[in-house]
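Only one chain is given next, in structure tokens, and it is the form predicted alone.
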């Protein structure tokens, strides 16, 4: 009998202390699936929002729950019909946030959603890329319809999603203004932002008619707050998945004024391959704030909840298993 693996779980909504490590059976890869020995797993705010119960209204999963949508590791088995990956390949992927499962020593990954990790990236760096990069791409490309030469403002530019959004927008020909605190200005400038606004000193909403797109990667502003800063035909995209935000989005479909969109990120192998190509060319680089051992996930959540991380927080495993 194969030895069990460690997996982080919670069996009730609550504070970080509800997260515990537990032994569970090793998963078995089905058709079109990879079994991946996880070396690193990204921590995202959506993980603790599910843990806190903030997303009960869209949360249909049963307990116990295992958070974690970002994984990077090594393929240890491939199910029937998998042709693009072999045992030993380094891969990363975004899992479906509604089921998640990435805080574990081994996980099952749909082969269609996995991508090879470029040799220049460490496992920790790769684990910090999938969800935040896909969120940035799907927000700016699909929801905002950002065009070459347009001026985009990114609120929360030093966070996980924000750091990717700044870089992706620059790589695609936009003029970028980032919003962050004073201590993060140098970081955001290093990512290619054309201008940076220190929100402790200035409200970007006072820049009347300055931006074609406002992407609220932090999720703390509403269209009513920032509409004066948008140009005619401007678009506002937020990561705030709440009923009020969704209501404002629906309202913008029928009322005159700026378009309002809420980005709900989905796994996408093609989008992640696009991101990895940008990594290879140097147009995109991961930003990792700090790492925690897998079974210190509660401490990682406490830190994430401070909203002070520069880029990503990543969990690392001690034992990966190879069978």
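Positions refer to the first chain, counted from 1. As the structure is a prediction and not an experimental result, all values here were calculated from the model.
A second form of this protein, the form predicted together with a small molecule, is not displayed here; the remarks below concern that form.
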- Query: If you check 72, 132, 109, 193 against the small molecule in the predicted bound form, which one has a heavy atom within 4.5 Å?
  - Reply: 132
- Message: Between 27, 267, 45, 258, only one gets a heavy atom within 4.5 angstroms of the small molecule in the predicted bound form; which residue is that?
- Response: 45
- Message: Please tell me whether the candidate spot formed by 155, 218 and 311 is one where all three residues come within 4.5 Å of the small molecule in the predicted bound form (heavy atoms).
- Response: yes
- Query: Would residue 239 count as touching the small molecule in the predicted bound form under a 4.5 Å heavy atom rule?
  - Reply: yes
- Using a 4.5 Å heavy atom cut-off, state whether residue 213 contacts the small molecule in the predicted bound form. no
- Message: With a cut-off of 4.5 Å between heavy atoms, is residue 102 one of the residues that contacts the small molecule in the predicted bound form?
- Response: no
- Is there a non-hydrogen atom of residue 280 within 4.5 angstroms of a non-hydrogen atom of the small molecule in the predicted bound form? no
- Choose one stretch from 143 to 151, 84 to 92, 245 to 253, 124 to 132: the one whose residues place a heavy atom within 4.5 angstroms of the small molecule in the predicted bound form. 124 to 132
